[in-house]
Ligand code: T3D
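Only one chain is shown below, in structure tokens, and it's the form predicted alone.
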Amino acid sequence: MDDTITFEVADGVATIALDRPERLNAFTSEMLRDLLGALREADADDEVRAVLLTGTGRAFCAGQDLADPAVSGENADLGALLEERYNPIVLTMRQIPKPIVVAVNGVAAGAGANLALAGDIVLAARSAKFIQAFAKIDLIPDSGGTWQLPRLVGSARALGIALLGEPVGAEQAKEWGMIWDVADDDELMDVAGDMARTLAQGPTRAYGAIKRAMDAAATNTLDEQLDLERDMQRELGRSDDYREGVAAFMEKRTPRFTGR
């Protein structure tokens, strides 16, 4: 990785930070490559049982850096950039069988907003804002934006957000169901870190199954979803963590999950 992404593991949590504060953590092609690498490293590391994604400085991410050669010039292929960089990140975030907490520490604009919303639990600083600025430069919301926004806030609000490009404040985002919760700016990382560490001690396999089941429900029929729940429950019911969870419940103690 170059110096625009930081990665560290402690207490079962892989903390990934976008670290280009002088450009409000705006993405370059190389930065996106390294973010994908960090996510895949967290996925492959058995010691990692939860991921915390955040930004450094006063922004989470201002979206794509429009000065990046990948998007500037007459021959720029934005579709190729999505295919090779952004889309694999969104798919990886959804497919990683470990919970991803996103701490939005400031403005999240464009693709930065939509990558944040691809997380499993999104916490925002009270001063944070989500901005879908694509239409202002003759583009559509990408990085999963047209898929996520209607499902999170409904089609009427999603269209208004995308067409008008007006900032959505953290409190409004919570009220609309776009994010999980809001924290005071100076408490955000403590709250997000505590949540990630709690998840890292939980039943990791069940968390992964919950993610898969929730995403599948977007396109499954009820019959298909019931079959999926049956199959997942059968598999989880044979796990060490299920037996530990039941034993802890019966013995009135805190379970000691191992992720197996």
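Position 1 is the first residue in the sequence shown; the rest follow in order. Values in this document were obtained by computation on a predicted structure and should not be read as measured data.
Keep in mind that the form predicted together with the named molecule is not shown, yet the notes after this line are about it.
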{"property": "The named molecule in the predicted bound form: contacted by all of Ala10, Asp45 and Leu115, heavy atom 4.5 Å", "result": "no"}
{"property": "The single option of Ile121, Val153, Ile96, Val71 touching the named molecule in the predicted bound form, heavy atom within 4.5 Å", "result": "Val71"}
{"property": "Contact stretch among 181 to 189, 153 to 161, 88 to 96, 133 to 141 - heavy atom within 4.5 Å of the named molecule in the predicted bound form", "result": "133 to 141"}
{"property": "Exercise: Gly55 in contact with the named molecule in the predicted bound form, heavy atom 4.5 Å", "result": "no"}
{"property": "Ala38 within 4.5 Å of the named molecule in the predicted bound form, heavy atoms", "result": "no"}
{"property": "Contact test in the predicted bound form: Val107 vs the named molecule, heavy atoms, 4.5 Å", "result": "yes"}
{"property": "Interface membership of Ile16, the named molecule in the predicted bound form, 4.5 Å heavy atom rule", "result": "no"}
{"property": "Those residues of 15 to 34 which, in the predicted bound form, come within 4.5 Å of the named molecule by heavy atom", "result": "Glu22, Arg23, Leu24, Ala26"}
